[in-house]
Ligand SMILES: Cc1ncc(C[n+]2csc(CCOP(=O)(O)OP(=O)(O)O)c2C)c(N)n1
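Before any questions on how it binds or moves, here is one chain, the form predicted on its own, in structure tokens.
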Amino acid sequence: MNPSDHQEALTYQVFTLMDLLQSYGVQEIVISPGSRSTPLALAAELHPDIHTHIHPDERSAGFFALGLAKLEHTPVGLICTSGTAAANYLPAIAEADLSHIPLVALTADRPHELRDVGAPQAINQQNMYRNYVRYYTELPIADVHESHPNLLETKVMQCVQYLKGAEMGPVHINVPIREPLMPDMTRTDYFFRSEKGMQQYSIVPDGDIHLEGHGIVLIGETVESLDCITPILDRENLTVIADPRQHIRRDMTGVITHQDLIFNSMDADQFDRLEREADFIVRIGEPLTSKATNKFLARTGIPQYVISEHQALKTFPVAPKEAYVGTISAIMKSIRFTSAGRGPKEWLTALDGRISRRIEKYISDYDDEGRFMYEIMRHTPAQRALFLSNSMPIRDGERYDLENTQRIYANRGANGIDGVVSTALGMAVKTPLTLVIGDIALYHDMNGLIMSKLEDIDINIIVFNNNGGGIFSFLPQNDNQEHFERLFGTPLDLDFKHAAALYNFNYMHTDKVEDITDGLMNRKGRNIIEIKTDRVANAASHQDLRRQIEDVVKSVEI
């Protein structure tokens, strides 16, 4: 192939690849600079209907793309060069897999003659995310063979099947590229396809589903909005429990949100009563955040049914009696619920209300992270989304949210602290957002802050700095104080005013709950608010409030 043929073939391949992906809905791409990926990056940059974001750190870039896709589950592309750059996408792709987020990883690679021969920046990239992607392919080296156009269209058509629907998740296209790397940038005539739109499927299992008696419906995070099934759920024989990430709790009345405190505090007689009064349990969507609720589900003998919108069925914490995969609203409309006698709804919903009132009455006695979380939620407007980091903020959010007005998000696929800052910043491109995070998690993804500066993204970041891993103070590891601080507490002695200065954030710190006001929570621009707390005192006050809630729960008559 002469040089002009190579450039023409390369230009056709990468420009057509980008145009095809755009036509199937990939209209945002996060690019990390590199040499081998030059033609891919230029194709994305030149496409008139693709918006690009430039992120210099591939590890954070993966999570930033995840955040862009997370709000509406729209597919987002990633472009990086060859070698370990591609390996840095792995944590974000693992999270995208478990959270059903449609990412398209486009990794440039060395051509075959430079693999396994000691050439620089060449690692084995073939199917390198094999445990976490729905689809993988490697494109051939660009050439002028007549089969090339058909193959390109086929590969993209196969790949985009996983960008929506019951098998939605990340995909990987590896692109080996031979030098010279510059495409013909005048050939924008290859960008001509209009948006095709993806087919929407509604899947409903065959046969009649009949659930008789009183049921407990536990709803985790879902891609589908469940507002339309509120009339189905709002029945006297259904007790509805919602995870903090399930937004139906914002509008539906009578939804139980203190399930973690309830199941943590119930005694054996109360569990027996629940076993007697509930005839079935329906679990909808992703597993719930609450460990106590999952423990209850693992040990109860009440028959359980799982409704999943994804083929990758998540049975945790226990395999159900039956599982139904498909469109949640369609499945729920196909179920016949019939009631019989008195059930647990009345006392469970009354108990949920009493817990709220107890927290409301005594919360002013505390100044721990729970109290701060209570004030943050109270002063954050409904239109502002909250992104709650693992591990303590999401748990405190569940425990101390008495308002149930904000849309709450978290990375609960793999439950890690990787990439939390970048995910939140990706989401903040689309919606006003406040991130609540701990000092270890913020340190873990500090590089991600750069995107706020580069793309002028407004965000409020509230960091609880308790000088270490606060979650471990609530775990059995805390009983072994000889090794606790070195292995689990891990104090870092960080002062985040320096990070704020480095990335041009406004900065303030406080240890006073009175400083958490409407004005502070609604600040414009880029803000880091550091709240310094004490891990030991925080754990003690959390346990104190928990004991108060136990008194409330155990006062329920059997």
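None of the values given here were measured: they were computed from a predicted structure. Quick note: we count residues from 1 along the sequence shown, nothing fancier.
Only in words, not in the display: the form predicted in complex with the named molecule, which the text now covers.
S.K.: The named molecule isn't shown here, but in the model of the complex which of 194, 154, 480, 415 has a heavy atom within 4.5 Å of it?
M.R.: None of the other options qualify; the answer is 415.
S.K.: Which residue, 109, 439, 95, 243, is the contact with the named molecule in the model of the complex, using a 4.5 Å heavy atom cutoff?
M.R.: Only one option qualifies, and that one is 439.
S.K.: Under a 4.5 Å heavy atom criterion, is residue 280 part of the interface with the named molecule in the model of the complex?
M.R.: Residue 280: no, not in contact with the named molecule in the model of the complex.
S.K.: Using a 4.5 Å heavy atom cut-off, state whether residue 307 contacts the named molecule in the model of the complex.
M.R.: Residue 307: no, not in contact with the named molecule in the model of the complex.
S.K.: Would residue 410 count as touching the named molecule in the model of the complex under a 4.5 Å heavy atom rule?
M.R.: No.
S.K.: Any of the heavy atoms of residue 470 lying within 4.5 Å of the named molecule in the model of the complex?
M.R.: So residue 470 counts as contacting the named molecule.
S.K.: The named molecule isn't shown here, but in the model of the complex, which of 178-186, 383-391, 249-257, 328-336 has heavy atoms within 4.5 Å of it?
M.R.: Only one stretch qualifies here: 383-391.
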